[in-house]
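There is one chain below, alone, in structure tokens, taken in the form predicted alone.
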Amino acid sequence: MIQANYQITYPHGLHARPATMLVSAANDYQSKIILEYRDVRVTAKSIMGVLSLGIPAQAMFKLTFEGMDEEAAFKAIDQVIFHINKLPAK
């Protein structure tokens, strides 16, 4: 199991476009990927679950990866979050 804490610095938070990027990447892996924010846990493979958390800019959240491809999933999601934080603010 791998656990990592992240912060979204993208000014609009984890809204539809960045959430879709995250969910799309998560669905490429068999491992269970859980996103936790304010003591609420959802699967990172569900767009509705991720959006329901309403993660704003500058908020900290935790991701947990568990499964046979957890290392690859962690590396891929880590890169996705890096790219989300580099999205241009419109």
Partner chain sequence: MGDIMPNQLTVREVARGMNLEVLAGEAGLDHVITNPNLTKPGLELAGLFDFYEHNRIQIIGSKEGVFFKSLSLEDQLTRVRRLFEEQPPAFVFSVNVPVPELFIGLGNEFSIPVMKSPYQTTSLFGELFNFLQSRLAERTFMHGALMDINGVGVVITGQSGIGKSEVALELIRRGYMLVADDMIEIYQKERGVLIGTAPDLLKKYLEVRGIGIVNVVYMFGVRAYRENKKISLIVHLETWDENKQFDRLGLKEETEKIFDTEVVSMSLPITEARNTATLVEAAAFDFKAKIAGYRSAEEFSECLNDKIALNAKNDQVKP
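Residue numbers count along the first chain shown, from 1. These figures come from a predicted structure and were not determined experimentally.
In what follows, reference is made to the form predicted together with its partner chain, a form of this protein that is not presented.
Judged by heavy atoms and a 4.5 Å cut-off, are A16, T20 and P56 together in contact with its partner chain in the model of the complex?
-> Yes, the whole trio is in contact, each within 4.5 Å by some heavy atom.
Can S24 be called a contact residue for its partner chain in the model of the complex at 4.5 Å between heavy atoms?
-> Result yes; S24 sits at the interface with its partner chain in the model of the complex.
Flag V42 as yes or no: does it have a non-hydrogen atom within 4.5 angstroms of any non-hydrogen atom of its partner chain in the model of the complex?
-> So V42 does not count as contacting its partner chain.
Going by a heavy atom distance of 4.5 Å, is H12 a contact of its partner chain in the model of the complex?
-> Result yes; H12 sits at the interface with its partner chain in the model of the complex.
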